[in-house]
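The chain that follows stands alone, in the form predicted on its own, written as structure tokens.
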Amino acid sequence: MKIVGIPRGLFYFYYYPLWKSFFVNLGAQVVTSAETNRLTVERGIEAMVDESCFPIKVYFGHIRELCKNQIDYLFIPRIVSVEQRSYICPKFMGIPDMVKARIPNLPAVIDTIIDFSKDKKLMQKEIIRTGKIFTEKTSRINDAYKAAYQELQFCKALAAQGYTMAEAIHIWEGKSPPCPSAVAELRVGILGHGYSLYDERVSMNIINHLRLMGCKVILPESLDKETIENQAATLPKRVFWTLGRKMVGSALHMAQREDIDGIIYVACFGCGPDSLIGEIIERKVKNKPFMLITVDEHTGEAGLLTRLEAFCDMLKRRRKETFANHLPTYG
């Protein structure tokens, strides 16, 4: 049985159920790297140039960890576009080449081209090309992909209920769902790319910290996709980055919801699209408290906690003042 290694980084949090199911349905065994830790970050920093953004450094750390295992293939897709008329960060397109150039003694790399920007036939050819590594039967490959796509939809349905994508993957793998927290005093919208927001080491576990502070966290995956697109379309120019447009549309929608007290955007230092999208959101969200948090390999959890506590305290004071302003004169 062939063994395929999938790094626990970048688009892992969006498409892992699809990728794993596809390979397993074709008779392969799938292994992943461990959750991101300090050693993962250090290995990634050693392998990458300083100019790379934090999530890519973490991704390289996961690859170096996987290479220590006995695996036959390393799955590193060349992600260009996941929808028509939109693109992913250019660094993602070159990751297979960067990995081959920076990490020696790699196993065979499966560099499937994921590009929905032009013609779906190209994607179909790539699925067949990838599947033929394990079987020559085209029908089996197509069936494997269809079944895997259904698994992905199941995970997305879980995320729509309020779970993070990381939590949805855990439930999909048969693990127990997280225990519901006590009644939330605040409702906070959290924005950020999945590979930074749902990786507890990269985001400094910001979601769980907010939950412990009495906040109900609202994530982009729990919002209606059509609503997000409609809100993003109100900008003078279309945002052609898929994740950037999703963040802008989610922020504008959250800003209009009275039940959301504030919005936090988690960005990564060194990310070009984040620097622009964060600025756009900060200018557009005027009627709701907004905080931009930029993280990198030097970010400390203690400093983040201080900022979160101050932000939540401000939201609580604001809610009390709003309530007091609506009291009648007789008390």
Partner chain sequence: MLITFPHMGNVHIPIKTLLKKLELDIVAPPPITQRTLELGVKHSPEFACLPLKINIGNFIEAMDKGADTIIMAGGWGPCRFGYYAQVERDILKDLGYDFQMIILEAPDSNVNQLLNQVKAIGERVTLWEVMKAVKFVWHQINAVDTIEKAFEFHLARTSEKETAEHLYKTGLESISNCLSRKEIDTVCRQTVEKFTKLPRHEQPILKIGLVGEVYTILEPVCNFNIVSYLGHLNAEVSRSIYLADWINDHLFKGLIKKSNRRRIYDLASPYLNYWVGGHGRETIGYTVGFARQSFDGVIQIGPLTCMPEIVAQSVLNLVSEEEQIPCMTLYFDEHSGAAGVYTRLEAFTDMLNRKKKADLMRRQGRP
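In this text the structure is predicted, and so the values were computed from the model without any measurement. Numbering follows the first chain given and starts at 1.
Keep in mind that the form predicted together with its partner chain is not shown, yet the notes after this line are about it.
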Of these, 297-305, 66-74, 51-59, 38-46, which stretch puts a heavy atom within 4.5 angstroms of its partner chain in the model of the complex?
51-59
All three of L18, I228 and K246 touching its partner chain in the model of the complex at 4.5 Å, heavy atom to heavy atom?
no
To verify the annotation, which of these, L152, V80, M204, L186, has a non-hydrogen atom within 4.5 Å of its partner chain in the model of the complex?
V80
Its partner chain in the model of the complex has a heavy atom of only one listed residue within 4.5 Å, and of L106, L212, A147, L235 that residue is L235
Interface membership of C89, its partner chain in the model of the complex, 4.5 Å heavy atom rule:
yes
Test of understanding: in the model of the complex, would R85 fall inside 4.5 Å of its partner chain by heavy atoms?
yes
Even though its partner chain is not shown here, does F134 get within 4.5 Å of it in the model of the complex, heavy atoms only?
no
A101: heavy atom within 4.5 Å of its partner chain in the model of the complex?
yes
For a quick check, can you give me the residues of 115-130 that have a heavy atom within 4.5 Å of its partner chain in the model of the complex?
D115, L122
